[in-house]
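Just the one chain here, laid out as structure tokens, in the form predicted alone.
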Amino acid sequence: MMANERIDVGVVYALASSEAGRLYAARATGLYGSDDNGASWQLVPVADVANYVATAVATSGNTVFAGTHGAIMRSEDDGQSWSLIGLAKPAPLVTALALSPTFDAAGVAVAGTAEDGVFVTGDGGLTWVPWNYGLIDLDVHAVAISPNFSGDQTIFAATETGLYRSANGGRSWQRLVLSTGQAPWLALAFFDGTLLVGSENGDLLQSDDLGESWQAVDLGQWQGKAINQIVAMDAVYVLAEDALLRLGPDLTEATRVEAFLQQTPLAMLPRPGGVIVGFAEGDLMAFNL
């Protein structure tokens, strides 16, 4: 069921929420925040930065990171104040952000970029280092960090031509051989230790052993639809090119929660009782589950 929260001020690339409940939307017209569960949104002012594009956002506690062209914006007070950390030149476009499960203690986070591969921080985001040894495809669409990162040091990067894995915290990468070939991979998520990856060609795969072996997930009539995001909540929700799908507890039996007939959904964020979906056309809409 669709609620009436919506605005239209630029493509929505990513969504996140802080520990205090503030919502964030990375948009073509900047980073927007909501303090009323998505009922209204305001542009987040960043000192010394004007007319910026926000292309990714991730949070841990009240620490917020937002990606932009050539830099990562960092806030330690839930968006009240910001520092701008420039990345190695030529200035990359940040496309994805992921924080380790122990970020507050270890300070590890990963950023994917459109043409310059992966950047890793180990000091809470104060400095970012490009680590791309073995990463042949530098066009990164999504990144994910293992739930047991402190033990296995495993990171995944979904790229335009394949899926890559690092078993040493990002220092080196290995391309994984998948039966689906070289499809652009767009989405990554962990659900109870199971890794799920989705492609532009509509393939959805799952692995219970950090990418050593894979099983295809049957999406039924929605097979072949581009998978833009995967979110793990009480169940797994898949944002396809024209529908929001829910998978059963054994990651089978896909059912449609919502249909999107004239808009392309790109980002999804859990909220009490439902989700907020961001669209390429600029809308932000809330749906009950």
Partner chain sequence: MRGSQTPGLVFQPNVYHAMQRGIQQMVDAIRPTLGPTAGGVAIDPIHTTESLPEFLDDGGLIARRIIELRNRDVDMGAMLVRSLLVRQSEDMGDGTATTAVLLEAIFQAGVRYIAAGGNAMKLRRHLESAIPNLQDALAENSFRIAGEEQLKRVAASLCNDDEMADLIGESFDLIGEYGRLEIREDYGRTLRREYVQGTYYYSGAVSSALFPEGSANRSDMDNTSVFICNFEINDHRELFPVLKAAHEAGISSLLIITTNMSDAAVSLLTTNNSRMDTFKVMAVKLPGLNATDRIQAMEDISLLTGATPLIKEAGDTLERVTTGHFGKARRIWVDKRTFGLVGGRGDKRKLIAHLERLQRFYHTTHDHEERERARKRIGNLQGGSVTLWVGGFTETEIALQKSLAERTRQAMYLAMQGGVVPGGGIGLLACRQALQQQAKSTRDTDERAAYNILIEALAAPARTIWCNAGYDPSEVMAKLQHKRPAIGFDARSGLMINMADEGIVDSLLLMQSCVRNAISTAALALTVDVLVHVSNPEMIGKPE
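Positions refer to the first chain, counted from 1. Keep in mind it's a predicted model, so treat the numbers as computed, not measured.
Separately, the form predicted in complex with its partner chain exists; it is not shown, and the next lines address it.
The partner is not drawn, yet in the model of the complex one stretch among 202 to 210, 95 to 103, 215 to 223, 108 to 116 has residues with heavy atoms inside 4.5 Å of its partner chain: 108 to 116. Across the proposed site, 89, 130 and 135 without exception bring a heavy atom within 4.5 Å of its partner chain in the model of the complex.
The contact with its partner chain in the model of the complex, taken as any heavy atom within 4.5 Å, belongs to 182 out of 150, 182, 194, 83. Contact annotation: residue 76 falls outside 4.5 Å of its partner chain in the model of the complex, judged by heavy atom distances. Its partner chain is not shown here, but in the model of the complex it comes within 4.5 Å of a heavy atom of residue 164.
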